[in-house]
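Quick setup: one chain, the form predicted on its own, written in structure tokens, and binding and motion questions come after.
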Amino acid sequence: MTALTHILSERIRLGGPITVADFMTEALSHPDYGYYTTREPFGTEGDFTTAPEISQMFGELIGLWAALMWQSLGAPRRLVLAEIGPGRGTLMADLLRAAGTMPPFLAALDVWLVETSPRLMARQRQTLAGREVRWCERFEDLPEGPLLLVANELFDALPIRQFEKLGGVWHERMVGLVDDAFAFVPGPETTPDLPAEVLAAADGSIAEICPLGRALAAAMGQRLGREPGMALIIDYGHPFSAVGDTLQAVKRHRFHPPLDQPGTADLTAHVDFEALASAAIPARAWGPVPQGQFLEALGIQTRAAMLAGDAGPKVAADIAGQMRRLIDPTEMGTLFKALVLAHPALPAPAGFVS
């Protein structure tokens, strides 16, 4: 039995079942035994690989997108460029390298990373050594001014609440103990904050909400409603609110039982993009569009051909394979989506159609 398993088991024995959100919070963020506190999750040696780790093309194209959006904002002399949930700093490093091809844009940047993990912050400092970057722990701590924000695979890792419809009534889904093992059990009756068509689903349906995700989107929307700027959110999920149990765990690049050995595997859930867009009003939402469509609109094929250039057959094949993982519908191209939240007066962002 792991230490966190013991802690959570005792908590449930003493106080009764806990919410799925509480279980996820402890499993991911416990100060001593949480997944992100104790492990290096990224890359082939970790448990999962994100788009920036797959290919430099991803971050470079986000850099191109940011430069275009800076121009659409009127090329302000100072622009707050921020990434929230920056992982190892790979995306920002590739973005800034691409920004170097446009010196006026690079000179305007006030670069910030929003990070709560001291371990990841230290890794980001290594990745971005030589760059002028500052850190804060909350979105609300970012300085005022025109803003471009990037959040790649952030919202899927925020704790969710789950609800199950039983006998025509919605109940919060809880985590309890059955024969000393963690198990899902029905909790109190409640009515989740979801559209009527979702609430009308059949008995046995499971629905999810992400309170922290909605709160963050609301904070973004309030800022973008009063100041010029955009937030680019890339994640996997569904474009409209719907029923479905999407909670999953990944360990060493394989699926893992989500309640087994908390703190040793990554826990995620699909993002409800409709809920994020609704929470972000008065900001305007663009999309979501499939990640493959977004990257193709930014010219990923052209960039891949440039990188292949005079490279040998093996390198060229590797680059083609990386591009395929990012844009192919059977890989990340369709499940992953891009959503932009923007000041309502701004035109359609690059990669999106008005």
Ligand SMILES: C[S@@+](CC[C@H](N)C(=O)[O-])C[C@H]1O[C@@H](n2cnc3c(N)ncnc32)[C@H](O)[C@@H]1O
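From 1 onward, residues are counted along the sequence shown. Values in this document were obtained by computation on a predicted structure and should not be read as measured data.
From this point on, the text means the form predicted in complex with this ligand, which you will not see here.
Looking at this ligand in the model of the complex, residues 52, 87 and 115 each place a heavy atom within 4.5 Å of it. With the partner omitted here, the residue from 42, 70, 33, 286 that has a non-hydrogen atom within 4.5 angstroms of this ligand in the model of the complex is 42. Only one of 153, 94, 274, 172 lies close to this ligand in the model of the complex, with a heavy atom inside 4.5 Å, and it is 153.
Proximity of residue 98 to this ligand in the model of the complex: non-hydrogen atoms within 4.5 Å are absent; the residue sits far from the partner. In the model of the complex, this ligand sits within 4.5 Å of a heavy atom of residue 158.
Taking non-hydrogen atoms only, residue 148 never approaches this ligand to within 4.5 angstroms in the model of the complex. When this ligand is considered in the model of the complex, residue 120 lines it closely, a heavy atom lying within 4.5 Å. Here the chain stands alone, but in the model of the complex its contact with this ligand, taken as any heavy atom within 4.5 Å, falls in 76-84 among 253-261, 76-84, 140-148, 125-133.
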